[in-house]
Ligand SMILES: Nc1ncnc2c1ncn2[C@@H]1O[C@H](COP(=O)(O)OP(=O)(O)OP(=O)(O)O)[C@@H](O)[C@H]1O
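Encoded as C-alpha cells, the following chain is the form predicted alone, with no partner shown.
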Amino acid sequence: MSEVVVGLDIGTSRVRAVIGEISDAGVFQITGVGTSPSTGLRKGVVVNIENTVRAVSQAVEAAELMSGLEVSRCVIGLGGTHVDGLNSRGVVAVTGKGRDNREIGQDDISRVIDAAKAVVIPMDRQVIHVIPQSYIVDEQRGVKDPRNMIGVRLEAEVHIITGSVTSVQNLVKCVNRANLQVDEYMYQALASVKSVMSEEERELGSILIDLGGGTTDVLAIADGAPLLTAVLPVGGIQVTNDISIVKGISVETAERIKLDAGCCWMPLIEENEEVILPGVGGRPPVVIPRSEICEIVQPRMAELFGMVKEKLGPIMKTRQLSGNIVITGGGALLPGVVELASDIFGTQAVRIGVPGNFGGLTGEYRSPDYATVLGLVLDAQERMAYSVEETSTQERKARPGLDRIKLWFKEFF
C-alpha cells in the first residue's frame, strides 16, 4: 500500500495544497495539486478564521480531485511577521558513563542542544525549530557531527526560530476545522530551501528571498545551516496597491495588470508596448505605455530589495557567502526581478528558485510560487522514510527524543 504525504502552504494571497505518494517500490511522485485565493490572512497572520478555513478546504479538495485520494493529515508551513530567528550557543561536559574514555554520544548531543535552546523568550512565543549550525569539541571548531569523537567539553552553535503562540494556534485551528490533522509545521523559508537550493549552494553560503503576497521571507544559509532568519512586512500586495492608487483603478484590476503586464526592470520594456486600463464608472478604457506600469513597479521592488540588503548587512560583513541569491514566491514570476536584484546586490549570482522534477504533474508545480509547499511535502516524505528506518532498529528505543535533531543533521549537513 502506498504512503501519502500532504503539504499545505497558507499564504496571504493564495493557499496551495500538494499531495505526494510513495509507492510500494519506494518511488515518490506528486499526484495532486490544488490552489485557491486566500482572503483570511494579513501579512501571513490569520485575521479571519472562516475565510481561511474555506480557502484551505477548496485547495485541498482540488488536490484530492486531481489525485483521486482523500486525505486527513498534512504538514503546514508557518510564516508571517511574527516569525523571528536568533543564534545561540550551549556548553556541556562530556560524561564518561564509567568508561575510560569520554566518547561523545547521542545523549551528550541532546544535552548540549537543550543547553543551547535554553534562552529567554517571551511567554507569548514558542520555539518552532532548533537547528544545529556546528559543534566545538575541546576548542576544535567546525565539527559537523561530533558523535563518537573523544572530548571533555562539547559546545553547540544553533539557530533558533520562534513564532507567536497564538498565531500558530490560529493557523492550526483553521486547518483542523477544514477536517485535517496537522502532523508537523515548518518555517516556510526552510521548506523553500529544501525544494530549490542545492547542497552546494547551502554549503557555500546562499540567500533565499521568498517574495510573498503580504510578507518577504529572508534566510541566509552557510555550511548547511541557517545563519539569519527574518520576515519583512512587505510583499506583492504593496506593488498592487501602488498601481491601484497611481492609476485610479480597483485593486482587483491592478492585480491583473501586474500579473499580465508588470515588469520591474525598464530595459526589458519595448517602446511600442501598451497596456489597456479599463474604465471606471462608465469611463472609456485608456491605453497607456507599458513603461508607465514599470515606473510604478520598479521603485517599489527596488525598495523591497534594499530592505532585504539592509537586513542582511551584519551577516554579509562577517561571513563570505559565495553561493547564490535564490528568489522564490509569487513575486519571483515578475519579469525583471533577477536583473533588479542583481543591480541592488551588485552580483550576477542571482537566480529564480524552481522546484525539481518529482514526477507526476510536472507542469503544475514547477514554479517558484510552489517552492514552499513542495518543500513541505519533501520534508514529510523524508521524515516518513526516516521513521521507517529508525523503527527497524533498536536504537530508537535506546535514544528517544533525538529524532528531530538527527533529521536536521540529515537535511542540512
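Start at 1 with the first residue shown and count on from there. All values derive from a computational prediction rather than experimental measurement.
One more form of this protein exists, namely the form predicted together with this ligand; it is left out here, but the text below deals with it.
None of P146, P226, G212, G77 but one reaches within 4.5 angstroms of this ligand in the predicted complex through a heavy atom, and that residue is G212. Contact with this ligand in the predicted complex, defined as a heavy atom within 4.5 Å, holds for exactly one of V91, V246, L333, L268, namely L333.
For the marked spot (G11, R16 and G44), a heavy atom within 4.5 Å of this ligand in the predicted complex is present in each of the three residues. For I237, a non-hydrogen atom is located within 4.5 Å of this ligand in the predicted complex, even though that partner is not displayed. This ligand is not drawn, but in the predicted complex it has no heavy atom within 4.5 Å of D108. In the predicted complex, this ligand lies within 4.5 Å of some heavy atom of K258.
The partner is not drawn, yet in the predicted complex one stretch among 258 to 266, 302 to 310, 128 to 136, 163 to 171 has residues with heavy atoms inside 4.5 Å of this ligand: 258 to 266.
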